[in-house]
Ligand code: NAD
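Encoded as structure tokens, the following chain is the form predicted alone, with no partner shown.
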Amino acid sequence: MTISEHPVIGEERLLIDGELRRARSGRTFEVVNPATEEVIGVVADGGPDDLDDAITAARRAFDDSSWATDVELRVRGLRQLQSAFLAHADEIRAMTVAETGSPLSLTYSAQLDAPVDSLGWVADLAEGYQWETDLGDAAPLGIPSHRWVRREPTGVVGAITPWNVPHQINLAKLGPALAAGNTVVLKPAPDTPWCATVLGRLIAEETDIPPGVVNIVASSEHTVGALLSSDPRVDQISFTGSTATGKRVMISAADTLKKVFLELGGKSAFVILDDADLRGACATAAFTVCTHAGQGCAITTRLLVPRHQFDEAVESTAKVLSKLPAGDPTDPGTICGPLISARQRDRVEGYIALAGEEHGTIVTGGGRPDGMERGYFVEPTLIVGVDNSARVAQEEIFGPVLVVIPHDGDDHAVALANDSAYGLSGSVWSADRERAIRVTDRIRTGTVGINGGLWFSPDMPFGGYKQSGVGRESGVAGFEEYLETKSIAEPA
């Protein structure tokens, strides 16, 4: 059976206190396939009352159950969840493509299989983690004492996730938070609720994770998730989304001084040095910006090339982009699928129009694909003729749009790369490894790939500098975001 023939099965219910249930209001909202604009189902439209129930359940499960102290139970629950995903992989894969518009090929990596694999990694980490460190005897202030440090869960975590890679981000938050002993209230984006509610069904029906430990509240209203930031019963917020929304989350969380993890926007630079394989690098840059229609916060959307190679780089990049057209996400050969919604398509088209106002030139793309009247598609687009201060070079577009900017050597390339409010990712290409590392060390971003090296992995911390966020997701650093540190002493 091909993916297009597989039935799309979502989950209409919320998960609250171990129960799969409707919203208290009885309301639902529609789930739309972005490739066809067809309504493929509905999901419960949770409101403030449902969120209150979820927070109450999470608070009780943390305070009154053994979840926070029973590492063995947590590890078992995570491994059961991984097994449940694997058992339903075909069903979830079809649902993911239909709901997110993600190309099928990506579900075998970042859109599904990789985050499911990460559950095993974080379970292994929790099982072998050194929860307590003995610091031995000392006599601070002349008082002989025996000291040790204990790592403990933060408490109730409010997780707010976006629509672009929902399984990856849902599990990158849920896995470490649960492994650390926290309870969670997950509020997914209204564009991709099923990726979260199906997760709730697997937890409720196929794991030993106790009631209240995980609660999932889908809602058509962004304001419902915002209530997590201000509620005093929530100890930590883990948010992934736009920088503008992240700032509001931080402000809202300030009244109760919650721990806050923010993974925000990016406008990452793809730096090609003058000794690099220009064509290979340009092909990689083009492929990257087309992936999932450019809907990734860490995608490199500024291509910085040596000025004397500018025309060759533009020609080479445009040639590759023209061979990666937007297409049907169920086709295994598609790299660039639709944007998530009509609103997002309008946003991307607005930036393409803005490039003209900023005296830029569209080399290729710039419109909607011929013959695709349905679906939120935009052609992969290459923009030249603007400088690094242009809005299309400074603001996150979140679409298949690449801006090419010339540089005058390594120092200038570094200056351009760092001339951004963001600092999430980047790429450096050079035939000289040491030269590439020297440039990499000067770029102020949280992740960098050298000559195509890939940092994306469950054991690698991910996060940004500057306005790209606070804290790290994944890796030991990401796991420890969900822990508190307690220092203890007794008479020696």
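Sequential numbering from 1, following the sequence displayed. From a predicted model like this one, the values you see are computed outputs, not experimental measurements.
The protein also exists as the form predicted in complex with nicotinamide-adenine-dinucleotide (NAD); that form is not presented, and the subsequent description refers to it.
- Residue in contact with nicotinamide-adenine-dinucleotide (NAD) in the predicted bound form (any heavy atom within 4.5 Å), chosen from 189, 203, 286, 273: 189.
- Though nicotinamide-adenine-dinucleotide (NAD) is absent from this view, in the predicted bound form it lies within 4.5 Å of a heavy atom of just one residue from 112, 413, 264, 123, which is 264.
- Residues with any non-hydrogen atom within 4.5 angstroms of nicotinamide-adenine-dinucleotide (NAD) in the predicted bound form fall in just one of 113-121, 405-413, 127-135, 246-254: 246-254.
- For the chain shown alone, residue 225 is a contact residue for nicotinamide-adenine-dinucleotide (NAD) in the predicted bound form, at least one non-hydrogen atom being within 4.5 angstroms.
- nicotinamide-adenine-dinucleotide (NAD) is not shown here, and in the predicted bound form it never comes within 4.5 Å of any heavy atom of residue 291.
- With a 4.5 Å cutoff on heavy atoms, residue 54 does not count as touching nicotinamide-adenine-dinucleotide (NAD) in the predicted bound form; it lies far away.
- Among heavy atoms of residue 160, some come within 4.5 Å of nicotinamide-adenine-dinucleotide (NAD) in the predicted bound form.
- Contact residues in stretch 230-252 (any heavy atom within 4.5 Å of nicotinamide-adenine-dinucleotide (NAD), taken in the predicted bound form) are 239, 240, 241, 242, 245, 248, 249.
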